[in-house]
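In the form predicted on its own, a lone chain appears below as structure tokens.
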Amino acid sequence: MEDKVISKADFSSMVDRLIQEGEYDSIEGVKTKDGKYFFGSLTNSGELCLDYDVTLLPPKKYFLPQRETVITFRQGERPAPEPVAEASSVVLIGVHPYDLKAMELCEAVYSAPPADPNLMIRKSKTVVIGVDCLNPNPQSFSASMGFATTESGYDLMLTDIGDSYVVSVGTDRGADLLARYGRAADATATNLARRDEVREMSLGRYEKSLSMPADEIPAILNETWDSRVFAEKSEVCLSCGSCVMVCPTCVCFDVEDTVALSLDSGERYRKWDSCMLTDFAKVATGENFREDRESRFRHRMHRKGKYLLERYDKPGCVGCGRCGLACLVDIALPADTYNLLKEAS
């Protein structure tokens, strides 16, 4: 890995060149509207916001769309199903470290045999440019999870040091992109010292934190299965699923078939689903093995803090804080629940 430095003016010119030259099907980045941030298609570098706190939806939508067709079919005497696995080439700009770690978990889940071709092809055709989160949102506790920074998951990583960015080159693909479109120089010791300084300063801006090391969470969950914390927290749950729908590490989906009015063709598609919804765990015979709010809330906390970690060796929560921001009754943030369980254990 090597470190470069590029002025903000030159980086803006780099983005404009990427947009204008059309080598990639789309250039996506963080934009703002009405004080909120979201990932969307860029038409010029002036739309790009890299000093944001958190986006409404995570960038996993580029790899796991909210709704995607996976099979089309024609009916008749000999039905003809056709798998659909298509992807555009994308440069994705402005991904925070916690979202990069979340994307690594999603890839681990979907690459487990048999690998999901849809995610794999999108991943292979996407160049990811990350940016350090120097002004975390009030619900974020990613520093406690160890994800305030990352050394993996990106092609290029930017750190704002004033009038320039330090650029960490993570892959050959990132190095090639920077060489062809940017005007970067080798980072100096002064540049790197400033990067370390701004990263350290950002740690003091987190308002939320865990009261224990993150690696203690699975043991705490093991010890507190019957804790009243789950019942008390879930008592006001609306079962709306908002916490899951904004989560960067949730990977569950539902599958549905639709048929055209002509009855001669149709499609099978998948869409994001939520374990916090009432019918998520309902099976064909009508039984629901998590029909009450407490069991669903407990399941979510265990999945975030224990189940995914045990299976994939990657935490199911990266501390982004989106669930806490989305929850109307202020119960969704895992850090708050884990801290209460720690007190009760």
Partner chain sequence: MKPKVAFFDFTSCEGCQLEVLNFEQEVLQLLNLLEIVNFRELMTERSDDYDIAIIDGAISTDADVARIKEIRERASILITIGACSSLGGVNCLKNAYPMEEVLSVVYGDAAGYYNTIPARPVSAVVPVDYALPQCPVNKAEFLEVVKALLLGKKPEIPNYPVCAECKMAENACVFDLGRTCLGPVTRAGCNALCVTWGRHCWGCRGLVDDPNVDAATDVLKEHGLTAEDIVNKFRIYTAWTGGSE
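Positions refer to the first chain, counted from 1. Every value quoted in this text rests on a predicted model; they were computed, and no experiment measured them.
Separately, the form predicted in complex with the partner chain exists; it is not shown, and the next lines address it.
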- [ ] Pick the stretch from 209 to 217, 123 to 131, 263 to 271, 153 to 161 whose residues have a heavy atom within 4.5 Å of the partner chain in the model of the complex.
- [x] 263 to 271
Open item on the list: Against the partner chain in the model of the complex, would E82 count as a contact residue? Criterion: heavy atoms within 4.5 Å.
Closed with: no
Open item on the list: With a cut-off of 4.5 Å between heavy atoms, is F39 one of the residues that contacts the partner chain in the model of the complex?
Closed with: yes
Task: in the model of the complex, V236 touching the partner chain (heavy atom, 4.5 Å) - done: yes
TODO: Find out whether any non-hydrogen atom of D172 is located within 4.5 angstroms of the partner chain in the model of the complex, and reply yes or no.
DONE: no
Open item on the list: Each of S26, N44 and A108 within 4.5 Å of the partner chain in the model of the complex, by any heavy atom, yes or no?
Closed with: no
- [ ] With the partner chain left out of view, choose which of A112, A179, I71, C240 has a non-hydrogen atom within 4.5 angstroms of it in the model of the complex.
- [x] C240
TODO: For the heavy atom contacts within 4.5 Å of the partner chain in the model of the complex, list the residues of 285 to 301 involved, in sequence order.
DONE: R293
